[in-house]
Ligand code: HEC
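The chain below stands alone, shown as structure tokens; this is the form predicted alone.
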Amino acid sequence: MSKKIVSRSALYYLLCITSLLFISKLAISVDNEIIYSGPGDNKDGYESRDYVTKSLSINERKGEKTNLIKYAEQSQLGLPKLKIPKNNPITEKKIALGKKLFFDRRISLNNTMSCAMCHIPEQGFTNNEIRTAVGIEGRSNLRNAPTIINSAYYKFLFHDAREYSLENQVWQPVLKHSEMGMPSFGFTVKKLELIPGYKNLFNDAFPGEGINVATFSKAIASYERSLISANSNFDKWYFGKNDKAVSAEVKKGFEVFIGKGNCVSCHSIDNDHALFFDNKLHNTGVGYADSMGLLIKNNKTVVQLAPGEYVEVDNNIIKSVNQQKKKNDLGLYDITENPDHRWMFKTPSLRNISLTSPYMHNGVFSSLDDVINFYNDGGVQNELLSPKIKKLNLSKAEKINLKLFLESLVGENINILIADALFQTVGDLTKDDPNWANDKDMGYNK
């Protein structure tokens, strides 16, 4: 492997360009069954100068529409009945409108960024390609983009638990400077009113209300609330009593999960369902280690630029072009300012976990093996470390079986959710939309 030294200016150009790349995963056929999750931008052999792409054309993304409301209204094996807010009863029209908004890049300041560009359906409704989210104009963020699958069950939202409902959560990425960058609630509503077609859609979904701050958030929340996925192989075995649904190794991994590993103390299981999270926050040592620089092993990072082409980049240069200058992500403390809440982050669900890498609030671990090894070592010691985090002393076989158990948690309908998302057209700027370069603007030149 050849290594070169890259300059700060060259690195800045590289980061600005690559940070805007949207690397999708496309539909492939296995034994005549369409599998929508998996790498469409296939990088197998990319480390070699002889690499030849096997990636699929973007035009081959063929989805299939489904009626998502059934997933919100009907209980799936392994999950409890979903509670729908009384002030936002779910309807097919709300879901359809919310899905359109979710994929519409015009809901960002410069018409380039949609919700789906951080929560990529083919990648488990998260982003497998980068550790932390990148917004408009390549603006970097501190945290990993969490999956929105089954997010309707969360008591708290965001890694630091700063929101309590999907409806309220919607506006934060829309208005955040480093995500979608819209300048205000009113600007967003006005822009939607000027985009052809949205007035009728809002009037149909919300008769007598039309486009406003509340209906915008209720529509997107309705789509997110319909993304429910369970009835996994584990569910069929554990709750459905189908002994053949999983292998003996998965069953042994589950024994590690509830026993020696004590994973169940945070990723909870009830008698008739399993959310695989406790709706609480914990200090596992990841946030502490990141704040103290303990996760940085070397002064330089090897970056691959092209097949067979690598450069060594000084970590100080990488930091210098990072727009997020905050070095210490304190988690829940930033919300409560309670000193005991330093480095506490929300417990994520383990459902579909094998599809939603990278892991932890900062995306520091790229594989389930990394996560298992981290917990096996007892996290990172600090004065506020959760008492639930201890060295596990798992054997190699126990680690393998635990991973197999985690991989058994993929929901049965996951490819249906992805196919439905792929069927949705992406909203791109047209000549009829409000924009400084079009005849129709936001009213500033009238």
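Predicted model, so just to flag it, every value in this text is computed and none were measured. Position 1 is the first residue in the sequence shown; the rest follow in order.
The form predicted together with heme C (HEC) is left out here; the points below concern that form.
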Using the partner position in the predicted complex, report whether N382 sits within 4.5 Å of heme C (HEC), counting heavy atoms only. no
For E224, is any heavy atom within 4.5 Å of heme C (HEC) in the predicted complex, or not? yes
Partner proximity in the predicted complex: N144 to heme C (HEC), non-hydrogen atom cutoff 4.5 Å: yes
So in the predicted complex, does any heavy atom of L406 sit within 4.5 Å of heme C (HEC)? yes
So which of I220, V250, V313, I228 reaches within 4.5 angstroms of heme C (HEC) in the predicted complex, heavy atom to heavy atom? I220
Heavy atom within 4.5 Å of heme C (HEC) in the predicted complex - the one residue of Y198, Y359, Y153, W237 that qualifies: Y359
Which of 229 to 237, 162 to 170, 188 to 196, 68 to 76 lines the interface with heme C (HEC) in the predicted complex (heavy atom within 4.5 Å): 162 to 170
Determine the residues of 122 to 136 with a heavy atom within 4.5 Å of heme C (HEC) in the predicted complex and present them in sequence order; the list may be empty. A133, V134, G135
